[in-house]
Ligand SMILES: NC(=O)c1ccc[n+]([C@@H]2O[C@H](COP(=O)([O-])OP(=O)(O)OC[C@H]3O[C@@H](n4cnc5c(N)ncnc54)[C@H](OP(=O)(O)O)[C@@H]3O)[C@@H](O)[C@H]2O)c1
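First, one chain by itself in C-alpha cells, the form predicted on its own.
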C-alpha cells in the first residue's frame, strides 16, 4: 500500500485490515503511516519513497496486490505532477509486475485526461496510460471529489459558511459535482483488493449530483446557516491560487481551480460503488459523522 498515510490511504488500510488482509504500508515516514495500526497483527510499515526504484522494488516484494494512492496537489522543486503521477506510478506498476503481484490498483480521479491543458489533469491521465503499460490488466479507480472527516472539500465549505457573511462561488456555481464518501471509496478498493474484479476501470460517485451552488446551499441548510452566494469569476480564482502557492499553508492551488471548471460526475456507463455492493452515503450522513 503506497500512500497509506494520506486522506484516502489511511481509510484504505483500515478497510483492508477489516477484510482480514495482511497489509504492508510503504511510505517515506512509516512511523506516521502506522500510528493507528501499529499494534495490529496484520499490519506492518516499511520505509519506501515512491520516487526511488530500489526502495519500491523492496517494498512490493512478495505482495499479491499493490495499491497506489499517492497523490500530489502542488508541485515543488523537482517533485512535479509528471514525476509523481506518471513516472513514479509507471515504475511502481512495473515493479509490481516484476514481483509477481496478481493485482495492481491505481487511484486516479474523475476527469483525468492525458490531453488536458491542465498539467495536473493531464498527468493523472498519462499516469493511467503508463500504469496500463507497466502492469497490463491493472485496475484504475477514479473517485469523485471525496468527503469525510478532515477532508479538504466539505470541511472548507462548512468553515467558510460559518465565518463569512457571503459565500464566494467558483464562477456562477454551475459546475456539477457528485461527492463520494471517502469511507465508501476505501471500502470499494478493499473489496477489489480482496476479491478481485472483472472490470478494469471504475468511477465512484455519491448518490446525488449537485451543482456547486446547490451543494453549498444544501450544506448551509443542513447546518442551519443562512448565507448569500456571490459569483466570483474563475480568472480571479486562478490569480489567487497562483499567488497562494507561494504562501505556506494556503488551502487553494491552481489545479483545484482547474478541477472546479469541469464537471466531476461518474460515468454511468462504468461500474461504480453499487456494482460492488456498496450503497453510497450522501453528504448529510457525512456531515453527521464528521
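Residue numbers count along the first chain shown, from 1. Computed from a prediction, not measured in an experiment: that's the story for all the values here.
As for the form predicted together with the named molecule, it is not shown, yet the points below apply to it.
Handout entry: Option touching the named molecule, based on a heavy atom within 4.5 Å in the predicted complex, out of 63, 70, 265, 260
Key = Looking at the other structure, the residue within range turns out to be 70.
Practice task
Counting non-hydrogen atoms within 4.5 angstroms of the named molecule in the predicted complex, say which of 131, 190, 146, 123 makes the cut.
Solution key: Flagged contact: 146.
Exercise for the section: Using heavy atoms and a 4.5 Å cut-off, decide whether 118, 173 and 239 all contact the named molecule in the predicted complex. Expected result: No, the whole trio is out of contact, none within 4.5 Å by any heavy atom.
Problem - Partner contact for residue 9 in the predicted complex: the named molecule, 4.5 angstroms, heavy atom - result: Close contact exists here: in the predicted complex, residue 9 approaches the named molecule to within 4.5 Å, heavy atoms only.
Handout entry: Partner proximity in the predicted complex: residue 105 to the named molecule, non-hydrogen atom cutoff 4.5 Å
Key = Residue-level check for residue 105: no, no contact with the named molecule.
Exercise for the section: Decide whether residue 109 counts as a contact residue for the named molecule in the predicted complex under a heavy atom distance cut-off of 4.5 Å. Expected result: Yes, residue 109 lies within 4.5 Å of the named molecule in the predicted complex.
Exercise for the section: Could you confirm whether residue 252 comes within 4.5 Å of the named molecule in the predicted complex, counting heavy atoms only? Expected result: Output for residue 252 is no: heavy atoms all beyond 4.5 Å of the named molecule.
Problem - Listed range touching the named molecule, judged in the predicted complex by heavy atoms within 4.5 Å, from 193 to 201, 206 to 214, 157 to 165, 136 to 144 - result: Heavy atoms within 4.5 Å of the named molecule in the predicted complex occur in 136 to 144.
Handout entry: Residues in 46 to 70 close to the named molecule in the predicted complex, defined by a heavy atom within 4.5 Å, in order
Key = Sequence-ordered list: 48, 49, 50, 51, 69, 70.
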